[in-house]
Structures are given as structure tokens and as C-alpha cells.
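One chain is shown next in C-alpha cells, namely the form predicted on its own.
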């Protein structure tokens, strides 16, 4: 397992370099001129534009700018925001915990929804539980996230007045209020993520329950809990774990909409602000962090899959 982990860690370096190159090139190809925008628009004097171009490093060759970008990013220096003159790393330190909290709770709710539904549905195909799991999967895919979020706000915030509708409270300030303010956004995200996870786990577990080794264990007198929970479910978790890993970028993209509906100060809302204000430094920092999060999630998914299936470690 240690050799497998080291081998996977070594593959992260070229992945991050390629990701940094893509982020740098795409943000550099955005229309407009950041120096002109910083100087005040087309009416700015050429001297002022040249001053900002030198200050932002836009007068350097593209290759040199990319090398500077990678070196500074590796040390945690992501530049200064054009809009607020604040270090981008400080902005991310404020925004990232909000999005990470939402993503983490969303995945927890997705697992809590998908695991029992898929297990019961696989044990009783074409039964009531199977129909419920199909309904959950279909609704999670068919209902837009913003519409489902609005329905939750109307019911639990405006009608029943059980939960807050907007804003965010840091965990360090009040853990209970942190959870209550993130509950509706996390349910919205978890509902969307549970759809594909329920379908994948139900199909995988149903396939394993029909295999010979399961029939052999049942005929040998093993309890249903042992057969399903200890053997069949563990064997069926591989595709489900892969599905969870693939849903990390989907979850981050969904957070952009959810944060807008619930007025959460996360990286999704920050990315939108950076696009409209042409704050290239902030945009690069947010996208680079998002890529890093996806790469780390992929690495953790590989480790989890290797723990479930030992054959993967020797490949």
C-alpha cells in the first residue's frame, strides 16, 4: 500500500503542472486588457496603462509570466486582487472554508440518502424501496438545483421558520449556527449528488447479490447482515467510490448556484465577482484551488479504491 501511495503521489506533480498551464493560458486568453481595466478604462493615459502593465507583469513574455505564476503559486503567493488590493491567498482563506464545509456536508447527506436506499432497493428489486430510490435518482437529476433550493427555503424557512434562509456563521463562532445555516444548502447539494450515487450503488450491489459466492454464503448459514454488509456491499463499493470522486468537480460547480441562492460567501460567488470585475488574479487563484481540490479528491479516491480492492495496488 505504501508503494502504491508513493506512486500516486508522484503522478500529482505533472497533473498540477498541466492544470496550472491550462489555467494560466485560459485566463490569459480572456478578452480585454487587465491593465486598461485597472487604469480606469479606455480613457486612461498611455503612461498610466504602461505603469499598470509593468506592475501586473503583463509586459513580460508569456513563458516568463507562466514560470513566475508557477513559482509564486507553489509558495502560496497568488498575487494581489485588482479590485480590493488584497492578497488573493487571504481572500481564499476566508472563502474556502465556506465552500469546503458545504461540499463536505453535501457528500455526507448524499451518502446518508444513497446508501440505505440503494441497499434496500437491491435487496428488494421492483419493490417499494426500489421505486423510491428510482424517484430520488430521477428527481435529483431532473429538478434544477436552484429550484429545489427555493422550495426548501419556502418550506423550512418562510413557512415553518425552522431554519435560516441565508447568510453564513463560521464554525469557530458558533458550531450549532454553522450547521443550521448550512443545512438547507447541504441538503440541496446532497440531493443532487445522491441521484447518481444511488443508481450506481444499487446496480453494483444488485449484481453482486446475484453472484455465486453470495448464494454459497447464504446456503452456508451466514446471516443476511454478514452476507450483505460485510461481503457483497464491500465488493460493490468500488464503482460507488469512483462515482463519488468524479462528483467532486460537479459539486464545486453546483456550489456556484447554491451559494448564490443562500447568499453564502464561498469561492463560487467569489469566482462570479472576479469574472464580472475582470479580476484575473483572483480568478486564477480560485480556479487553481478548485483544480487542486479535484486532484486531491482523485488521489483520495484511488487510495479508497485500493483499500477496497487489493488487486489495484499491484497494477
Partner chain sequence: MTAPAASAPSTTQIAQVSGRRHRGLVRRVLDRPAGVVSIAYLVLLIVVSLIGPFITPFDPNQNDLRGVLRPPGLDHWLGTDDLGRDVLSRLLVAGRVSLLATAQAVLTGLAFGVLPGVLAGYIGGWFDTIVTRVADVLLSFPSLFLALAIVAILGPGLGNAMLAVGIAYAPRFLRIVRGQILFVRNETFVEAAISTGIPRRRVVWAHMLPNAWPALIIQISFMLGLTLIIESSLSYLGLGVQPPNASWGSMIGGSKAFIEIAPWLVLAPGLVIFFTSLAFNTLGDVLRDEVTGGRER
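None of these values were measured; they are calculated from a predicted model. C-alpha atoms forming the largest set that superposes within 1.5 Å between two forms make up the rigid core. Positions refer to the first chain, counted from 1.
Below: the form predicted in complex with its partner chain, not depicted.
> Using a 4.5 Å heavy atom cut-off, which of 212-220, 227-235, 100-108, 121-129 contacts its partner chain in the model of the complex?
Of the stretches listed, the one contacting the partner is 121-129.
> Is it the case in the model of the complex that 134, 249 and 272 each bring at least one heavy atom within 4.5 Å of its partner chain?
The answer is yes; 134, 249 and 272 each reach its partner chain.
> Even though its partner chain is not shown here, does residue 145 get within 4.5 Å of it in the model of the complex, heavy atoms only?
The answer is yes: residue 145 has a heavy atom within 4.5 Å of its partner chain.
> Check whether residue 89 has any heavy atom within 4.5 Å of a heavy atom of its partner chain in the model of the complex, and answer yes or no.
No.
> State yes or no: in the model of the complex, is some non-hydrogen atom of residue 253 no more than 4.5 angstroms from a non-hydrogen atom of its partner chain?
Although its partner chain is absent here, residue 253 would touch it in the model of the complex, with heavy atoms inside 4.5 Å.
> Quick check on residue 180: any heavy atom within 4.5 Å of its partner chain in the model of the complex?
Looking in the model of the complex, residue contacts with its partner chain do not include residue 180, since no heavy atom lies within 4.5 Å.
> Exactly one residue in 160, 93, 151, 112 has a non-hydrogen atom within 4.5 Å of its partner chain in the model of the complex; which is it?
By the 4.5 Å heavy-atom cutoff, the listed residue in contact is 151.
> Does the C-alpha of residue 164 move 2 Å or more between this form and the one not shown once the rigid core is lined up?
Not so; residue 164 is displaced by less than 2 Å.
> Do you see a C-alpha shift of 2 Å or more at residue 97 between this form and the one not shown, with the core held fixed?
Shift of 2 Å or more: no.
> Is the C-alpha displacement of residue 211 equal to or greater than 2 Å between this form and the one not shown once the rigid core has been superposed?
Shift at residue 211: 2 Å or more after core fit.
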